[in-house]
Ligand SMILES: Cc1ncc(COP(=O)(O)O)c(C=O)c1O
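What follows is a single chain, given as structure tokens, in the form predicted alone.
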């Protein structure tokens, strides 16, 4: 940490520190920039292709015309509530299979609002090691004691639950259903069983499962038939539903509690009521997208098989998210560059987004990608891996 030079202003010191930290990021190949994707997009979370669907665009235009206003005007506790949001929340609760649902402006604010209000000092929260930053931040803000268990590590989780079973506070297990960087799924049924055994509730973030997994895309919890047994399920709208925001789904009491206690709900200006029409239309399209979901499954299975044949590590992926785990930042940047030159829009994913030594290309498949494009993708990755291996061998040979 640099010291403030004599006579230097606080602003100059902050600018100096900013410059030094940016230089450090560049040195370790972790400096990021904002670019507009060009080529076949393999970073998008628009899994069903709804973000560019003309039917959804038409529904939005109709909703704007029909709506009395196009601004939120205030928080929903003041002037921002609208019949459209109340009707949509009831519709989404039916979709999720829960008693009620409450809309938040983003998945990040939903997770932070839920966890920071639900938990408090004296409680214990058990969190999968690969949970999303929004879940981590919500737990930190709550002041609850955190127990981080290894990714999908139910044996460790059970041991930790047993050790904290006699505490006076509440206990909560927090997990994603489909993990955004690994493409694997949480053992939700086993987590629920352990929670019942040791007196812990379960909270599930379905962000990357909504629209893709379960009957009519209703999520992994619904696929397993446990949607009424979890304390809270978060479904986001900004991925497969091609929209924005998120619903916290659960009991009537949970909804009332969040309306009164979740700061990210209480102090946020409401999303304009016309936007409810977009989500309503997106839900209808997603429910009917069985062929798109089938295409995604086949696409992912064929891609993983092709990469495995080339001895390229895809981790434990079993979904539409296929990580290509390359190890070093340099290897991930090399593969990303080769893919970009071949016409694929990808980014290298590096620490701290993923653990050190697991830099990767995160391939996010969507229903717009064809099988021929996926085969060409595998060919480019195979060639990039081979060229990287030859480069390393040459470096070793030259000492």
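Residue numbers count along the first chain shown, from 1. No experiment lies behind these values; they were computed from the predicted model shown.
Keep in mind that the form predicted in complex with the named molecule is not shown, yet the notes after this line are about it.
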Candidate stretches 303-311, 265-273, 79-87, 236-244, one within 4.5 Å of the named molecule in the predicted bound form by heavy atom: 236-244
Residue 132 within 4.5 Å of the named molecule in the predicted bound form, heavy atoms: yes
I'd like to know whether residue 107 contacts the named molecule in the predicted bound form, with contact meaning heavy atoms within 4.5 angstroms. yes
Contact between residue 207 and the named molecule in the predicted bound form at 4.5 Å, heavy atoms? yes
The named molecule contact at residue 176 in the predicted bound form, heavy atom, 4.5 Å: yes
Exactly one of 100, 222, 117, 180 has a non-hydrogen atom within 4.5 Å of the named molecule in the predicted bound form; which residue is it? 180
